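Consider the single chain below, provided in structure tokens and representing the form predicted on its own.
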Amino acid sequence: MDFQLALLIDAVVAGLLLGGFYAAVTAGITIAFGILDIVNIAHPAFIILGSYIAYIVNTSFGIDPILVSILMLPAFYALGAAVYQVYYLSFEKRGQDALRGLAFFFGLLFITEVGLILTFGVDYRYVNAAYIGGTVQLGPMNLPLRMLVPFVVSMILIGALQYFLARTFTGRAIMAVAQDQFALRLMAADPVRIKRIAFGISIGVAAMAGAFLIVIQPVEPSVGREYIGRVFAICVLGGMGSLPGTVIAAMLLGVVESITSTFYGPSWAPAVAFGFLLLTLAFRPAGILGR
């Protein structure tokens, strides 16, 4: 096979695997921002917090980091529900503008990052798992397991989320809460409780994505900043509140970044990826699956 073609195939495969991870990273913000209209700028902080919890448990007890992410879901769900309750009492209930809420989440981001730096320093941390370092050869394609395993779990996670939102009463209430809260009350559902559940889920998903992140690469407390722009960009590109759109947008962005990095260098990848975002939104302002 021609060397350039083999390189292109590897770049596309790596981009799709990376896109699956991006989808998991963005799923929480799709719920918080796309559905609830809450601009949670602290979302990456919860991702990194999930990474460090996975690191602590993995190094202390040798438990697989992805299994740790599943076990810690209830704790992060409770944390998210508590954060929303504080946000609601401080801002939504008082009718405060969104800018003050943004300052609240920015403060959470700053406090979390500083707390992690004071506790762990700025050294990169990594985890150990049986599949890290392994590769599966599938014809002309090389599939690194450290990317493939998070990709598979990410797709299962997003599939389960989509089923929950589309097929359950609580899920449908979450989808409806930003559209018509009065109608939701007529169905005997408390909008504040529904938002609290949804925000708790978004933080739980963010923590799982953090475990995927530390499997893919070593982390340090400020790594989360790299994802602030990316998660909002993917959320908007996919169509606000659409998980299938988020997956498609994440895959496209991952492939564009991977091909650009392979053939033109990593420094060009963010510029080309966001250029692709702007070009897509110019022709499709509502996003890929937006209404």
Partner chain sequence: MRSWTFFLIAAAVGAVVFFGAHLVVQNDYVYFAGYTVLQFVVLATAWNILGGYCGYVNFGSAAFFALGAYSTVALHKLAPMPIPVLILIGGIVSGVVGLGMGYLTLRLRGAFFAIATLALAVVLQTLIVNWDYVGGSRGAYVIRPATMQILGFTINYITYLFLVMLTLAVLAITAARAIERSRLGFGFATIRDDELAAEASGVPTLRLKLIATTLSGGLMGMAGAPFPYYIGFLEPSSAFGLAYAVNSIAMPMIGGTTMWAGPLIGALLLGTLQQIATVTISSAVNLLIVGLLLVVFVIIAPKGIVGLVQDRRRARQKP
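Residue numbers count along the first chain shown, from 1. Heads up, when I say rigid core I mean the largest set of C-alphas that superpose within 1.5 Å between the two forms. Being a predicted model, the structure only gives us computed values, none of them experimental.
If you look for the form predicted in complex with the partner chain, you will not find it shown, but the lines that follow are about it.
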**Study point:** Sole residue of Ile248, Leu36, Val256, Ile41 within 4.5 Å of the partner chain in the predicted bound form, by heavy atom
**Key:** Ile41
Exercise for review: Please run the contact check for Leu102 against the partner chain in the predicted bound form: heavy atoms, 4.5 angstroms, yes or no?
Suggested key: yes
Practice item. Find out whether any non-hydrogen atom of Gly115 is located within 4.5 angstroms of the partner chain in the predicted bound form, and reply yes or no. Key: yes
Check your understanding: With the partner left out of view, is Arg94 within 4.5 angstroms of the partner chain in the predicted bound form by any non-hydrogen atom?
Key -> yes
Check your understanding: Should Leu277 be classed as touching the partner chain in the predicted bound form when contacts are defined as heavy atoms within 4.5 Å?
Key -> yes
Review point. Exactly one stretch in 48 to 56, 63 to 71, 226 to 234, 248 to 256 has heavy atoms within 4.5 Å of the partner chain in the predicted bound form; which is it?
Key: 226 to 234
Check your understanding: With the partner left out here, if you bring back the partner chain in the predicted bound form, are Ile111, Met240 and Pro270 all within 4.5 Å of it by some heavy atom?
Key -> yes
Check your understanding: Aligning on the rigid core, do we see the C-alpha of Ala269 shift 2 angstroms or more between this form and the one not shown?
Key -> yes
